[in-house]
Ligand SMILES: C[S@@+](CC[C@H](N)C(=O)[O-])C[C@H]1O[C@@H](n2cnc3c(N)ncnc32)[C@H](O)[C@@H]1O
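First, one chain by itself: the form predicted alone, in structure tokens.
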């Protein structure tokens, strides 16, 4: 039986604000996209497309290909479609789905994902579905939060959650994320059937430019699931204001201790290793 406390994020995203403030995610995602081996004709699954900023860069690398943009959030998909459809037309399609149960009519040539998998709580199940979505020889290239991601920040959040008047709303709640270490992620990918697996946790410290940007980032990017547990807007605002006030006193102020988990794996092709499909992606990080 599924533990109701471990259900994934259910609060809808403020996709318009996310599109504006999630610049760090685009910067982290660009090197991930560069590692994806593409000829330009493939069909690629963007697993967690968000508002579509990186999806646009993916489509630019596919002048004769197409992208299936998948997200669990209706708001994110509407924002992505508004941003992408006028520019790319029918080369991009949009589908609302849970990646833990995703099935596609036809397998894809590659799977790309950034800043999404840590919101998915069952990674073994996730990787099995993504493996099944790939053609033989196809690559999964992804990045998400991992290892000690936001450990210092979340320690501060945890102390606030345990204090009045917030504690009753968070009792027994372990949080909305799965931050895997590199070794565990590699084991899960191999167990799902992937080969040529590479994983690594890398630092990605990020400092917001000012109080307003930090507060918007907490509200729209990090703490949506937390705020959804609070009873009213006044309580939610006080929660974020307290965290913002504390961050203003840090040195440097408004700093977030991000760490990213890089993931690569390939679905075996018939005749491996002689007929191994696409070549290994360049610039990978060893596990």
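Treat the numbers as computed from the prediction; the structure is a model and nothing was measured. Positions refer to the first chain, counted from 1.
Although not depicted, the form predicted in complex with the named molecule is the subject of the following passage.
K.L.:
Using a 4.5 Å heavy atom cut-off, which stretch among 206-214, 69-77, 158-166, 192-200 contacts the named molecule in the model of the complex?
P.N.:
Careful reading of the contacts points to 69-77.
K.L.:
Out of 140, 92, 115, 133, which one falls within 4.5 Å of the named molecule in the model of the complex, going by heavy atoms?
P.N.:
In short, 115.
K.L.:
Ok, 144, 120, 84, 111: which has a heavy atom sitting within 4.5 Å of the named molecule in the model of the complex?
P.N.:
Checked against the cut-off, the match is 120.
K.L.:
Taking the shortest heavy atom distance, is residue 218 within 4.5 Å of the named molecule in the model of the complex?
P.N.:
Outside the cut-off, so no.
K.L.:
Answer yes if any heavy atom of residue 98 is within 4.5 Å of a heavy atom of the named molecule in the model of the complex; otherwise answer no.
P.N.:
Flag for residue 98 set to yes.
K.L.:
My question is simply whether residue 25 lines the interface with the named molecule in the model of the complex - judged by any non-hydrogen atom within 4.5 Å.
P.N.:
Residue-level check for residue 25: yes, a contact with the named molecule.
K.L.:
Using heavy atoms and a 4.5 Å limit, would one call residue 44 a contact residue for the named molecule in the model of the complex?
P.N.:
It does not: once the named molecule is placed as it appears in the model of the complex, residue 44 has no heavy atom within 4.5 Å of it.
K.L.:
Who in 40-74 is close to the named molecule in the model of the complex, meaning a heavy atom within 4.5 Å?
P.N.:
Residues within 4.5 Å: 48, 49, 50, 54, 71, 72, 73.
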